[in-house]
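Coming up is one lone chain in structure tokens, specifically the form predicted alone.
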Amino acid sequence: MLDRLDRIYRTLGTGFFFAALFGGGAVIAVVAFPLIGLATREPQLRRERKQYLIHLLFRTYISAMRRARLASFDFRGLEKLRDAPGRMLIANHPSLLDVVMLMALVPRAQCIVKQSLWESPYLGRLVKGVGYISNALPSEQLLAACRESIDQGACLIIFPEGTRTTPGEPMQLQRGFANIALLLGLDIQLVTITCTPPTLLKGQKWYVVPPRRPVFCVDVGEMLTVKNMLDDHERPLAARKLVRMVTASYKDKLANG
């Protein structure tokens, strides 16, 4: 009986937080962003303040989920994020909450997002308002936008799979992150995300809650230096080598916990 009541509670709570994530994003874009715009004339500072607001709100969001006992969160190696500005941060993507957790940990985060988010009736205005980068941009424009963000001290967050991991299938990393890192000479900070038991997976309805409270773990791991990789290889070959290195690292980390 208690297990059944707990599951009903977590289903209702998940629905509330799911609605808050999407509905709240629309409210922020309509209310908070215009106020920041009125108070801040300089475009770069305006963008920084919007990014920091998102950081604070997502920290509050994670804290509220923890206090409501809907999920537990285990963050490891956070001291490695102290020098994150000017660096690329990449992570695997098992869950809908991955981007929320990473932005809650990074005060100034710039993200490359799917074009579908730009067109979302709920999050589209938020994504555009904070100045995130669409993955549909032509390669030269996308690279220029990444370079500008790095030069301004932001941390560039990329999910190299391009979308959430398909359950039961191996990771398939796109080569875009490797090309950006090589062309801009960016160090890569690897982050591994796990959720036990799995929840909010790709293709899974939000109301399909796991049998017990999930534990999200964000582990900030090793940093890869890529600046010398072009000394021995042409960029296409270096990019393929970098993708293989990162794929092997994630396979090892996820297999051994």
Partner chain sequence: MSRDEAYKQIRSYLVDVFEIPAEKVSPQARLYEDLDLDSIDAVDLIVKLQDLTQQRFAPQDFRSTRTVGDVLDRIDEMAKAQA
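On a predicted model such as this, the values are computed, not experimentally measured, just so you know. Numbering follows the first chain given and starts at 1.
This protein has a second form, the form predicted in complex with the partner chain, left out of what is shown; the following refers to that one.
**Q** Hey, in the predicted complex, is residue 236 touching the partner chain, heavy atoms inside 4.5 Å?
**A** Close contact exists here: in the predicted complex, residue 236 approaches the partner chain to within 4.5 Å, heavy atoms only.
**Q** Would you please decide whether residue 175 lies within 4.5 angstroms of the partner chain in the predicted complex, comparing each non-hydrogen atom pair?
**A** Result yes; residue 175 sits at the interface with the partner chain in the predicted complex.
**Q** Any of the heavy atoms of residue 163 lying within 4.5 Å of the partner chain in the predicted complex?
**A** No - in the predicted complex, heavy atoms of residue 163 and the partner chain never come within 4.5 Å of each other.
**Q** Applying a 4.5 Å heavy atom distance criterion, does residue 152 contact the partner chain in the predicted complex?
**A** Flag for residue 152 set to no.
**Q** Among 99, 171, 81, 183, which has at least one heavy atom within 4.5 Å of the partner chain in the predicted complex?
**A** When the partner chain is considered in the predicted complex, the option within 4.5 Å is 183.
**Q** Have a look at 112-120, 154-162, 175-183, 71-79 and name the one stretch with heavy atoms inside 4.5 Å of the partner chain in the predicted complex.
**A** Selected stretch: 175-183.
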